[in-house]
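Below you will find one chain, with nothing else, as structure tokens; this is the form predicted on its own, and questions on how it binds or moves follow later.
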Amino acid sequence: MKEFAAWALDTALARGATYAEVRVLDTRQRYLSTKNGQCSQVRESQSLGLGVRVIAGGAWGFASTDNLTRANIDRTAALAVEIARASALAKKHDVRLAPEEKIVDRWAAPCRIDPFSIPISSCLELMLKVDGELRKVQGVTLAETSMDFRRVEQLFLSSLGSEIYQLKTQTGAGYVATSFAGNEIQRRSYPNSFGGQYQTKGYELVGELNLLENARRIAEEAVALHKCDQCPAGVKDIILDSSQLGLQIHESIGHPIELDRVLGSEANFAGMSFLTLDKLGTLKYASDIVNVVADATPAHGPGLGTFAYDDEGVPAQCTPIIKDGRFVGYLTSRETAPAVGRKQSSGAMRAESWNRIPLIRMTNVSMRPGTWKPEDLIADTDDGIYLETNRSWSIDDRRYNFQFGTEIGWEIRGGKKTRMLKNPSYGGISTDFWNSCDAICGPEYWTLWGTPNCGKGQPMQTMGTGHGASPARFRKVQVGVAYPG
């Protein structure tokens, strides 16, 4: 890997680049799924290639290849410089980067059990056991399970002299029980919707999730939803479980703090942002008890946004985003950090693969835990709804007006969880919603959830992000907006 990267770096500088960086990535992925007692998919892939990003003539250029011969690597590096010079013809100003130090380091994310060492047959055996347990419940018409493993080996070299090697292993697993009855479909997912739980760790995650132990409960809830009452419409207090709160953070905090969206250089897939530069340090984003950080450091936990260095060679950092309810920080790159008066990038530049340019991406955007216990929070709520596990989401292209639905809800009356509710939903305005937060559960109820499928850019890049959250309460929220009875 080092030889490939050095060839590209030397050629780019020889052709006139004033700055150059090379990323060599070797990625292996395995995806398994079952459906109604049968193996559905077994996919395995491996990809090795390099990407060269340069500044020449004051503009960026990028080129990539998976043909790793000396001659082709030289051509690719030369092409990156040629593209930069062509881009310079239309530039508004020269690219200027926040300073960064030379770094030589190696880092490997903790991985106790290599998932690629586990026989496929053993994985499928567990998945089919879960599948069978789901289908034991009468009324379950579709049972689906999946496991997803990825190992990414990366070497970064830059003209600053940096040489950074990183190795990450990611594991994901989960299942869904779907029940068709009449003209209605209900479903329950575990441990989260849209693929389950994902973290930067090894196969040990699969054991930690207790997949088989929860299968019967999840199946029974999917079937029971058909017979329970529709979520009422109105203004009520709501309590979001930690996984739903993680998605709320992703959509109404994570995307709008990406500075390239604010500056208008990126709008694909998630639009731009209501967090214009004048709001930094002045906007009352949330209530005083809400504190949010963007934390890529390994100390934060095994999130999909955890690493030692980003794809510009900037060390992972913990960046305050909301402090005591006030908006205080963006996700930045070396190029955009000066626009908000920062002397250093927040270390948020990442690329999906060797053939994509780095973009500002969410790291682990997490809400600090509070002090409440879930049972005390329910006991303190007179008229409310507890919402669990995302089913749908919709938010405008400024990340301001939103509407979310969850798979299941429970009515809270007089401090007690009472009847189950189907098709629960809620909506609001981002800042109003976060300012209505008045209680957050403690660290023992905090979970770092993985979102493996966040899309951004054109051509699209799919990236994993992390969101840590504990259950929290929000006062006087409009509910029943998405699925009226």
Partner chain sequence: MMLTRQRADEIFEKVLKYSTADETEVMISSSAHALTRFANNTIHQNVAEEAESLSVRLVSEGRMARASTNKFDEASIRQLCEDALALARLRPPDPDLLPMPGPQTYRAVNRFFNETAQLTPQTRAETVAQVVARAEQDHLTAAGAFSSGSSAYALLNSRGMQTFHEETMAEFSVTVMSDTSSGWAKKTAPYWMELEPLELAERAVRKALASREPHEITPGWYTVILEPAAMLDLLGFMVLDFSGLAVHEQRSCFTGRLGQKVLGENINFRDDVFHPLQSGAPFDGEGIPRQRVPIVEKGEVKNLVYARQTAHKVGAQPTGHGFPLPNEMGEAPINIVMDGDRATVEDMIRTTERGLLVTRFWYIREVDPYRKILTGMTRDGTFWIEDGQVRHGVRNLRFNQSLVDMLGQVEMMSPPQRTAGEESFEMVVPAVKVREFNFASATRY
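It should be emphasised that the depicted structure is a prediction, and the values quoted were computed from it without experimental measurement. Numbering follows the first chain given and starts at 1.
What comes next is about the form predicted together with its partner chain, which does not appear here.
Worksheet item: Taking the partner as it appears in the predicted complex, which of 201 to 209, 158 to 166, 399 to 407, 234 to 242 has residues with heavy atoms within 4.5 Å of its partner chain?
Response: It is the stretch 399 to 407.
Practice prompt. Could you tell me if all three of Gln138, Asn214 and Ile249 have a heavy atom no more than 4.5 Å from its partner chain in the predicted complex?
Written response: Judged in the predicted complex, none of Gln138, Asn214 and Ile249 sits within 4.5 Å of its partner chain.
Worksheet item: With the partner left out of view, is Lys35 within 4.5 angstroms of its partner chain in the predicted complex by any non-hydrogen atom?
Response: Lys35: yes, in contact with its partner chain in the predicted complex.
Worksheet item: Arg75 near its partner chain in the predicted complex, any heavy atom under 4.5 Å?
Response: Looking in the predicted complex, residue contacts with its partner chain include Arg75, since a heavy atom lies within 4.5 Å.
Practice prompt. Using the partner position in the predicted complex, report whether Glu82 sits within 4.5 Å of its partner chain, counting heavy atoms only.
Written response: Although its partner chain is absent here, Glu82 would touch it in the predicted complex, with heavy atoms inside 4.5 Å.
Item to complete: With heavy atoms only and a cut-off of 4.5 Å, decide whether Ser40 touches its partner chain in the predicted complex.
Response: Flag for Ser40 set to yes.
Item to complete: Identify, from the list Cys318, Cys228, Leu283, Leu263, the residue with a heavy atom within 4.5 Å of its partner chain in the predicted complex.
Response: It is Leu263.
Worksheet entry | Contact assignment for its partner chain in the predicted complex, among Ala337, Val152, Val293, Met272, heavy atom within 4.5 Å | By the 4.5 Å heavy-atom cutoff, the listed residue in contact is Met272.
Worksheet item: Judged by heavy atom distances of 4.5 Å or less, which residues of 283 to 303 approach its partner chain in the predicted complex?
Response: Nothing in the stretch sits within 4.5 Å of the partner.
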